[in-house]
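Only one chain is included here, represented as structure tokens and corresponding to the form predicted on its own.
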């Protein structure tokens, strides 16, 4: 098969690594890719939202499957455009990707089908949102921009003043662009967050492995929300009891609800869960692999990933015996100092060759590129995801932090407490 992956981050690098191991993959391309993906695939200078160019390239290069990694092209309808052109694509159509594209849609879906989540109200008028906050809200409270905001459109507000500032940020100043035209105000839930990735074929759902993200920029979960500073898998807090509850009340009901709404979902659903004192609740849905979740889950996948993708597209996931290694994985993100606000780019990265040939340590590129002289340099806020496999989570964490010392670049920044919760399990 000739395969094209759409995207440019650590998630796409992890997907590319999994696809490159498939005996069925002849040629692998990535649009636009990055400096790390270039070692596995031919990177082509086409942006993820350049649908016409992606369709043309796929036809010209006899692409057998396009794997759409990113949220924007999924929500924008890239899969629909590819299918119209007769090109096979892995990922949900736009009418199903709305489960991530609109927080209001997903909350309304959960309410309609009794899928456990936080209480909420939706607003498209800033004044009405402010009135609700001043008269009916209990604090702390959560404000969410309705649309896609690179994982940053969620504000946890401790006081009314914080919430008033949040309404201004989201709906009036439009810090997250059109994502803030509508806003969800949601009950603040307490508990541990757990992420569960799943493959879905329109009717069947098979979960991969649980993972736990670290969203805040600083140690001790301080600082601003980011796209993710690290991850570990599996989560020791995702017990069999939790899994039984989620399979019955969240996972299958969500897939059934989307089918009942005429929006059958084919691809990956990321279930963001909160393990509250009252039981698991859905925090959010994503319509694709999480990042960096993909970097701790996909290295442990034992199936040929193209077989799984085919089954999801064709409605035959029930025929797949999904298998994951019993090893644990920890990913530590190496970021540019100042992320997610302001940071410099263009610094040369050294030591990448230390990962060559390693079977238990991986360096996934998130924000890298080649400079004019062919050196690999930093090109984003999150630069690299350093993932290690171990016999258990503590072993994997030790190896991951050791491996973070193998590479260096100016302005290198990381959290030093990724997976600290493992000690409390």
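Residue numbers count along the first chain shown, from 1. Keep in mind the model is a prediction, meaning the values are calculated, not measured.
Form predicted together with a small molecule: not shown, discussed below.
**Q** Of these, 243, 83, 304, 284, which has a heavy atom no more than 4.5 Å from the small molecule in the predicted complex?
**A** The residue in contact is 284.
**Q** Name the single residue among 343, 188, 237, 355 that comes within 4.5 Å of the small molecule in the predicted complex, judging by heavy atoms.
**A** Answer to the contact question: 188.
**Q** In the predicted complex, do 256, 312 and 317 all put a heavy atom within 4.5 Å of the small molecule?
**A** No.
**Q** Just one of 161-169, 179-187, 257-265, 327-335 has residues with a heavy atom within 4.5 Å of the small molecule in the predicted complex, so point it out.
**A** Single hit among the candidates: 179-187.
**Q** Looking at the partner-bound form in the predicted complex, is residue 154 within 4.5 Å of the small molecule by any heavy atom?
**A** Taking the distances in the predicted complex, the answer for residue 154 is yes, it comes within 4.5 Å of the small molecule.
**Q** Going by a heavy atom distance of 4.5 Å, is residue 94 a contact of the small molecule in the predicted complex?
**A** Close contact is absent here: in the predicted complex, residue 94 is far from the small molecule, nothing within 4.5 Å, heavy atoms only.
**Q** Is residue 104 near the small molecule? Define near as a heavy atom within 4.5 Å, in the predicted complex.
**A** Although the small molecule is absent here, residue 104 would stay clear of it in the predicted complex, with no heavy atoms inside 4.5 Å.
**Q** Applying a 4.5 Å heavy atom distance criterion, does residue 219 contact the small molecule in the predicted complex?
**A** No, residue 219 is distant from the partner.
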